[in-house]
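The chain below stands alone and is given in structure tokens; this is the form predicted on its own.
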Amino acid sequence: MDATAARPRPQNQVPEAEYRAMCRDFTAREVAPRWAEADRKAEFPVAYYHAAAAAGLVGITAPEDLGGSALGATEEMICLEETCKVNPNLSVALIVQNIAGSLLHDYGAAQHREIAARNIAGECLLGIAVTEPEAGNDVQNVRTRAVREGDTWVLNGSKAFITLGGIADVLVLLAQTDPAQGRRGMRFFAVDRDSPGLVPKKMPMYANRPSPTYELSLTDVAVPESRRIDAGFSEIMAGFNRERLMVCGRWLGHMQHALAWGVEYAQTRHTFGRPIGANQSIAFQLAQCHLDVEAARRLSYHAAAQWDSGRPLREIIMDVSTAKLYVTQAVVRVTQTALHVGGGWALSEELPAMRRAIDSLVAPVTVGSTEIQLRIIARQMGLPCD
């Protein structure tokens, strides 16, 4: 994808208040009853995906002819903010569906678009497999190889930290097809989960438990040429920038719930004959959290509006990275403050403070770490940062 080229704008718009209310109702109905058991078992409730698809929350930006809503990043932000006010981890699945689905319907042929349509309809759970054990954020050094043999590609390699990797029906997987071309010699493949030679292994995780994480081992996995997608390094890097916007919505919702809990607890928990929130040491910490939440909201929705404007990525990447950097640092501060306000009781599994604090720790290191966002911002400022 050319970073200098204009991008298509959303085709549709919806009233924000109505859309937010719909997402809030969905959250109360489908997220609240499911997340605790899913977290405890570290299992993804596939019924949640079906419900999200039925509500139109899968394929939010996808074309209408595939069953999508043809909306924009702003609506994705609203959806994730509202769903993550209850729990931030089930909605990781929505992020994965929308990023993987975009690669299929934006760059794929008819067969790929058919998979995307099935995904939007709730009939085909997707995963996206880019990260590798040794590469991490260094996507240009992906080592998984795809070698063509006639009308078939044979894939060998490994992937790590793949959300839903062991249960997704189809994995949109990045492999090196021509090492001589470096990052230009990469392509995505739509790989069926039950392909011989593809072996998933669940990774025990402290965070993201309701959306399980897997390692993938690929040994002579045969994929038809028709499943190769005309997208590679440039397209996934653009996709990562959109994903950074989505994680802003995720953590924005998460920190709002943590702050609301902290305020309520400070009002109702009494020591020395008065609420602990009557102490400046507690009240000022929560006031600072309010600042973090409001700044995060403004940065996030400004970046989403810039994305929806259709301006070239090069012109808006500063806004995207600034929002991602601030939000993912702020959510740690806010959840840690709520944990501190809760005191010893916050360590109890009966209260949500510890769970939210643990979940937030993954925020600064995913979809481009803090250091990567700082590097992007510094270079956009004209600083020769390498």
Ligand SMILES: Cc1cc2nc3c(=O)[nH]c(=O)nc-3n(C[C@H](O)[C@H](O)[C@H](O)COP(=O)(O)OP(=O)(O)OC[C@H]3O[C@@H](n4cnc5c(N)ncnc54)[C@H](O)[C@@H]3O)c2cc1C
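Being a predicted model, the structure only gives us computed values, none of them experimental. Residue positions are given as counts along the sequence shown, with the first one as 1.
Another form, the form predicted in complex with this ligand, is not on view; read the next lines as being about it.
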Review point. Only one of 261 to 269, 293 to 301, 218 to 226, 159 to 167 gets a heavy atom within 4.5 Å of this ligand in the predicted complex; which is it?
Key: 159 to 167
Study note, to complete from the structure: If we test each of M237, V154, M205, A109 for a heavy atom within 4.5 Å of this ligand in the predicted complex, the one that passes is M205
Review point. Is this ligand close enough to A129, V362 and V367 in the predicted complex that each of the three has a heavy atom within 4.5 Å of it?
Key: yes
Point to revise | Exercise: E16 in contact with this ligand in the predicted complex, heavy atom 4.5 Å | key: no
**Study point:** is_contact(R24, this ligand) in the predicted complex, heavy atom dist at most 4.5 Å
**Key:** no
**Study point:** Distance check, R20 to this ligand in the predicted complex, heavy atom within 4.5 Å
**Key:** no
Point to revise | Touches this ligand in the predicted complex: T213 (any heavy atom, 4.5 Å) | key: yes
